[in-house]
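Below you will find one chain, with nothing else, as C-alpha cells; this is the form predicted on its own, and questions on how it binds or moves follow later.
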C-alpha cells in the first residue's frame, strides 16, 4: 500500500524522512550564512532540523497553511530570529504575506520543497519566486514524480511527471540548475567495537533509474548545487509498530465501510418500499404465502 503521509514527523518511516532530509541537506550550504532563510511549506520542521543540525542561522521565515505545524516548526533550529507566517500560497494574498515577511533587507535563500503540487494554482507563487531570484535570492524547489507511483496521490492538486516538470522549467530562468532525486536501497555492516560513523561508498546512478522527485534551483548560488546521497539507520521496531498500526486502522475502516454499505443497502430498499404502490408496500414473503391458493 502506498504511504501518502504528507506531514513529516518523528514517527515517519526512515525511507520517507531521508528523502526530505536530503533535499534540505542539498540546500544547507545556501541556508547557512544567509541573512534570511525562508522555508515555504515548512510543516513541523523535522526534516530541516535534521539536515541543518547545529548550524547557526540568522533570520528564519517559516511559512505553512497549518497553524499547528507552524507552532512546532522552528523549535529545534539554532536561529537568532524565527518568524512564522500562516498563508495559503495558492493565493495572491498568501504570496504577498510572504513577501512582506521577507522585508527589504539583504537577499537570502528560499526553499520550497513538496509544496507546488498541493496548490490549486501555483502561478502566483512561481511568479513571485522568479522575481525574487532576479532580486538576488537563491531559490531551491522540488516537485514529485507522480509517475514513480502506480496510484494517484489523493493530496495532490496537480499531477507531475517529466512533461509537467518541463512545462514548469519554461517558467523558470533559463540558467536554472536541475537535479533528479533517485531512491537508493542499502544496508550496512558494523564490526563490534568499531561502531563509529560510516562513510557512504561511491554511488553510480543508473541511466534508466526513475526519479522520485525533480529539483530546480535558480538565483546567484544555484550553480553550487551539488550531487549527494544520504543514508540514515532504519528503525525496524518503529517500522513494525507503524505497519501494525496502519493494518489496525485499515481493519477498523474496512469494518466501518461494510457497516455503511449495509446501511445504504437497507435505506435504498426501505425507500423503494415506501414509494411502492399501496398494495405492494406491506407485502412480505409471509403475506404472499398466505394469499397463494
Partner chain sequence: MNVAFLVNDLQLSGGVGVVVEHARQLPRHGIEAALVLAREREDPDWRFRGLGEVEVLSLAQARERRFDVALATWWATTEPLFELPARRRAYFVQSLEDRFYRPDDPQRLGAALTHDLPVDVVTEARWIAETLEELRPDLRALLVRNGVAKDVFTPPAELDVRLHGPLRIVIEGNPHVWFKGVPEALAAVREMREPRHVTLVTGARDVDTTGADEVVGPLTHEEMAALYARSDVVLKLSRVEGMFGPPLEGFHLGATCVVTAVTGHEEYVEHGVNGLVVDWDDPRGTSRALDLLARDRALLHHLRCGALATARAWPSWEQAGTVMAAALREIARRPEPAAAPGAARAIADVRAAVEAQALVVAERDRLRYRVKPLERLDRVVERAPLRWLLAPLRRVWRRVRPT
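Positions refer to the first chain, counted from 1. Everything quoted here is computed from the prediction, not taken from an experiment.
Unshown form predicted together with its partner chain; subsequent notes refer to it.
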The unique member of 210, 174, 200, 190 whose heavy atoms fall within 4.5 Å of its partner chain in the predicted complex:
174
Contact with its partner chain in the predicted complex, heavy atom within 4.5 Å, among 159, 83, 96, 79 goes to 159
Residues in which of 67-75, 115-123, 99-107, 191-199 have heavy atoms within 4.5 Å of its partner chain in the predicted complex?
115-123
Any of the heavy atoms of residue 169 lying within 4.5 Å of its partner chain in the predicted complex?
yes
Even though the partner isn't displayed, in the predicted complex is residue 130 close enough to its partner chain, meaning a heavy atom within 4.5 Å?
yes
Does residue 223 reach its partner chain in the predicted complex, with heavy atoms at most 4.5 Å apart?
no
Is residue 163 part of the interface with its partner chain in the predicted complex - any heavy atom within 4.5 Å?
yes
